[in-house]
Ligand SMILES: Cc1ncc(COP(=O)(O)O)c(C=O)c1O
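Take a look at this single chain in structure tokens; it is the form predicted alone.
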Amino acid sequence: MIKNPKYRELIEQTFDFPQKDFKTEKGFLQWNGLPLMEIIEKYGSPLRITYLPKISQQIQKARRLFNSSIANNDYRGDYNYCYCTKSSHFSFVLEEALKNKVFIETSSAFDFDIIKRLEEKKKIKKDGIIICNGFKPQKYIDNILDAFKNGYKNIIPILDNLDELEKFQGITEPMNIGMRIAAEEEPKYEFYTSRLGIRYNDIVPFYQAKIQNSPNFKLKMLHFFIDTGIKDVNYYWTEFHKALEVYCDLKKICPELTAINLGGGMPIKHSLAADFDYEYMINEIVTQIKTTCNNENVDEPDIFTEFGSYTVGESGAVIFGVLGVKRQNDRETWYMLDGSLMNNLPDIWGLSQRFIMLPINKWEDDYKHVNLGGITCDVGDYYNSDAHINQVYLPKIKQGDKLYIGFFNTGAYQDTLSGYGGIKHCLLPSPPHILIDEKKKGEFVYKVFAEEQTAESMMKILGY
């Protein structure tokens, strides 16, 4: 008699499993050592989880790799880690990141309200570096200037266009500034050049005309950003070397220029088969900067990164329960979830993003090909393929069984894009959000950051 393969066997045969972050214990999935089934039994589903120690682990990993490469290559510049706040503005994220003495990168006027509150809580100091990116409306400009006048002397506004400099006039002491390069985008985009930043050919002439002899500004940083992030592909290295050429041209006439900012983050793990070589990529970046600068006879710059998704992405998970099973035709079986994919994980719906998706229980059961359906009435609220294969396989559900499913490494952007606590499609409530910290006395520390959204809060927003 042929034995049906178990779900655990499918995963073990497909991937190198168990892994550091994922393993099973008695047929139940553990993520970062967390007993997920116990958490579900206590808090229910759907459920959002943030595992705070992962944020610090990511920061320490990048810092270790950059500093090691700097030492091995005798690189004469420093490495500085910045957190890109737009990935997640929540206080628990900023406070965890700031434990690691990171700097901050802003993109909005309202970031400064966060900075004020962090200062009041003594989580941030005025001598820290703040990099201000993005197109800047007047309120954003005003908040940058107020912060500078109130003692944040290491604030660095990054010029996004040729007109922006005039808006910073009126300061009474020199301010450090940066300039952002408008990189050429990948062919997949409908436009050729990024809408953000200043064209390559305009940067040196603009510096000579407006900044070089100004008593008010010192150009300290050149900002290079690639939307698709740091990847070992020809497109990235081509744009990277174009940016290094601009840096060297500027450095020869601008001794104050001491930093290059590598915007665009490193990838995070969206599949159990992910194999990005962080050590190789970071070493290659450091080596190529050093080689180019040595060839041009200029000093190597301090290296800044502003990692957002890399910092916070792998700290997040969203868990759903399967409400029921629907057989729609000869080939399609739907597992209907107790929440909405498009509400809680909008990147799935808007960008066809694929996260690591695994069952929490029933790992020793048979499996089958299924589609996952959210509970909204929208046709687009579904998930039917993993990152490594154009299908979804999950344990079979028998009458009376309950299956729970987790989407992992979801900590960046999802709450920001879906609008935390607001009005969601089909008036579905935001799920409860649990923060989990390191073990104390052998037990994980749990904190309920937010209960499930109430009907009353939604009625108030809607004006009832």
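All residue numbers are counted from 1 along the displayed sequence. None of these values were measured; they are calculated from a predicted model.
Beyond the structure shown, there is the form predicted together with the named molecule, which is absent from this document and is the topic of what follows.
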Within 4.5 Å of the named molecule in the predicted bound form, heavy atoms considered, which of Ile356, Val102, Cys84, Ile155? Cys84
So the named molecule isn't shown here. In the predicted bound form, which residue out of Asn176, Asn343, Asn143, Ser309 has a non-hydrogen atom within 4.5 Å of it? Ser309
From the candidate stretches 377-385, 277-285, 220-228, 248-256, select the single one in contact with the named molecule in the predicted bound form, where contact means a heavy atom within 4.5 Å. 220-228
Does the named molecule come within 4.5 Å of any heavy atom of Gly265 in the predicted bound form? yes
If we define contact as a non-hydrogen atom of the residue within 4.5 angstroms of the partner, is Lys136 a contact of the named molecule in the predicted bound form? no
Answer with yes or no whether Tyr413 is in contact with the named molecule in the predicted bound form, where contact means some heavy atom within 4.5 Å. yes
So in the predicted bound form, does Lys269 come within 4.5 Å of the named molecule, heavy atom to heavy atom? no
